[in-house]
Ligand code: PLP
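The chain below stands alone, shown as structure tokens; this is the form predicted on its own.
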């Protein structure tokens, strides 16, 4: 019995496979200290030493101080934490922020704790930092601008936004969702200009269910209350095994050049193999993530195409994995001015550190095959036109 074609994973923005180095570190930790890091006895102290070492690794990775790192269950918790405890009065956010930013802000808006101004992007998904400046009010306390968009791959100049805030709203906190940027482009706290940054382990080859909130120069009350873990900023016994995995992922060498080469190869081969496709996002390669491509196949429903691709051994998505269970157009693509029809014809291709050039060639060949099969299916189901004799008989 045939095992079918080798599977090609091209949905790294949804989650990355667990890196071998991370698996090894976590396996070693399983035989390590099992104590509670808050306990005073020897086993607790051993666990606390492991926790401290991991905190130092994550801090070094992001160019922060260990005391600025708060471990969380992931970027969603980190973003909710920052928004809930730091937001009041008025918030500014881009229209293409992840739902983990927009939804907690909207919940606070419904509770009348916060007013929200959304800053638009242009039809390429690009952001003019001056529009952020225009949206500021005297009561603005929070500004959320992601570093890299999870669907289009567009990069946003958070450092320019930080400079605007220093001049015009020095009391406002700049919150940067760096979830998709870390590990794919050079990323540091200073380079982002951020007061608060959120990251997640599973996007960079770490385990699911762990992330970090990095807060610089901002007192951070806890979102989760109880014990005094994380220096009183996040109650609950730390997920030591997950944190070890996050630290191991943070130690992986950046693979920027590899991803740039893959992205260039993918776009070149796609253009040649599938005429008529439309790529969304910033055309300037330096202004987007190198390995993320949002592409529209006019005339083909994305969900149907993805089912076809899955049968051919290719794993892609139609956008953010967090919203894939709904049949609503992507808010990111809508912000670019796309119609619902165009949004429903769009898929996201995202590559990663273990993707090979050979896989890219095969990926494009299978995409072209899926498009051809979809085209043939449409033709097969199209009502046949009547011959002149048939038309004559039908009128009698």
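Residue numbers count along the first chain shown, from 1. Note that the structure is predicted; figures quoted are calculated from it, not measured.
Form predicted together with the named molecule: not shown, discussed below.
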query	finding
The single option of 294, 154, 179, 158 touching the named molecule in the predicted complex, heavy atom within 4.5 Å	179
Interface residue in the predicted complex among 234, 81, 288, 98, criterion: non-hydrogen atom within 4.5 angstroms of the named molecule	98
All of 75, 150 and 202 with a heavy atom within 4.5 Å of the named molecule in the predicted complex	yes
Residue 146 within 4.5 Å of the named molecule in the predicted complex, heavy atoms	yes
Region of this chain that lies against the named molecule in the predicted complex, out of 242-250, 123-131, 67-75, 225-233 [heavy atom, 4.5 Å]	67-75
